[in-house]
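First, one chain by itself in structure tokens, the form predicted alone.
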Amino acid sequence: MASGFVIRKNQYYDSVFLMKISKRISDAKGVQQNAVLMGSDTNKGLLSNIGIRDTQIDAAQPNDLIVAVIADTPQIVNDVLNKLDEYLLGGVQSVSASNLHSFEDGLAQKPDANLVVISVPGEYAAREAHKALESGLNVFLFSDNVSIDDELDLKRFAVEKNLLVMGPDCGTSLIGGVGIGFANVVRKGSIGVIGASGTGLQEFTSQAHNAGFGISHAIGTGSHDLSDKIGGLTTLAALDVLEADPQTKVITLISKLPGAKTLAKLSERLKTCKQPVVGCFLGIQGEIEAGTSFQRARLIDDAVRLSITQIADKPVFWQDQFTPQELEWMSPEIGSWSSQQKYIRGLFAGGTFCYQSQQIFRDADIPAYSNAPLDVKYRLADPDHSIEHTVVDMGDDHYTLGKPHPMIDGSMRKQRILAEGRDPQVAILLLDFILGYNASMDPVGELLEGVIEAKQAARKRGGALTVVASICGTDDDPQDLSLQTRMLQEGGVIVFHSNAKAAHFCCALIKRRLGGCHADQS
């Protein structure tokens, strides 16, 4: 094994661009690991953690680009680093050149702007966000690694200025039909959405679009907003914005489990909301008292159905049960398993899908271990090693620090698919594929070879591996939804256009295997 690095002085790129370059480098034959980072103190620590250390790295500045490669041979390392300009050029070839180098430069060129997107290293993001708020701009804060205290200060300041801070670690928003971050192509309409999670917003907006309806605005809040430390400041501000918006006829909230104090405060606010509100708070088991205009949805699919019911001119047909064809798939799958096969392993690019799947499994009395568990007693001691039924959020910091997110680069998930496929007790693999802007242009193609190899390995042992997948996307997304679906089906994968339905299908298979009689979902 060999390693090397290159430092490019004063050559700054944002995190989404860097993840795409890292993906291009990881595809090179013989490359085992790479890091494409700006020279912040946090990123220098990440390089040290993978064994890349040097005094030149210590001296690097936050505006310096650092590219490190670990590969099979020194020649491969040298070849990759010598082609760095080619990799960078491939990443920018569709982007027009810019001479803007600061927030001030951008504001001077677009003095009428009302929103700024920030994607700089976390230790500098709060400073830039504060500048934007002082200038009267709303903030979409894609950056992560922003401290909770900085987040609270920013959001309190935003409330004083009557502005929104979407984030930190905000993956998705859709403002007036314009997607920011990871977003799908959806039509404009009258459903307003507020979401703590990017993939939750993507699933909801895609399903609403696919059902024939549209979105006024989808406002991301960041994953910590509904914690008791932050108190739902962005969520409450977004409610005010959507309530006053003449285009919005129904408001939907999507989140993981909020803090108890924040949920109580939010419930009181919802009692006075003039618009009908649908709330999907994954993980909550008790009732929510939030007034007569509030309807609770247990799952994202339910939230879509309840929301469109509020605005539809006529009753809308909603397929929430398995079709006869889907029911027919079950017996042949179960009959092909060996006597050892009994566990589900879910490997997710979307954290919300990991969380929602756990809720569905829990409701079916199928407890699952996870690196992001609903119940702490089911926390994986080692996220890289599954136990019994396991679902893993591969977008967690454990997998993404210094590496591309799995929505951009599927290589880590492919390796995990192969590892789970080697376990003779695994019966089902549950996967998600997320389309849209800034995501991989071929998410299925990146994983399909691994899926087929894992299925072949199970057959050689005398069993069969059932692979179930959900695809989040629309026909207008650049990846071609129909093509991605067809590729999976031709590879022997059972495909649903809903994470919830895919998870229910896995539960039904396990229940039937154990002698249960329920083959449909409630």
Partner chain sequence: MQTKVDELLHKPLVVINLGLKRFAESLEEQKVEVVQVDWVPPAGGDKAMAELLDQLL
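Positions refer to the first chain, counted from 1. As the structure is a prediction and not an experimental result, all values here were calculated from the model. Think of the rigid core as the biggest set of C-alphas that the two forms share within 1.5 Å after superposition.
The form predicted together with its partner chain exists for this protein as well; it is not shown, and the discussion that follows is about that form.
When contacts are judged by a 4.5 Å heavy atom cut-off, residue 86 does not count as touching its partner chain in the predicted complex.
Looking at residue 169, you'd find every heavy atom of it more than 4.5 angstroms from its partner chain in the predicted complex.
Of the heavy atoms in residue 295, none are within 4.5 Å of its partner chain in the predicted complex. Residue contact check for residue 138: one or more of its heavy atoms lie within 4.5 Å of its partner chain in the predicted complex. Of the stretches 225-233, 176-184, 271-279, 385-393, only 176-184 has residues with a heavy atom within 4.5 Å of its partner chain in the predicted complex. Contact with its partner chain in the predicted complex, defined as a heavy atom within 4.5 Å, holds for exactly one of 262, 341, 400, 119, namely 119. Note on contacts: among 157, 318, 124, 329, the single residue with a heavy atom within 4.5 Å of its partner chain in the predicted complex is 124. Along 404-428, one residue reaches a heavy atom to within 4.5 Å of its partner chain in the predicted complex: 408.
After superposing the rigid core, the C-alpha of residue 59 moves by 2 Å or more between the shown form and the other one. Once the cores line up, the CA of residue 20 ends up 2 angstroms or more apart between the shown form and the other one.
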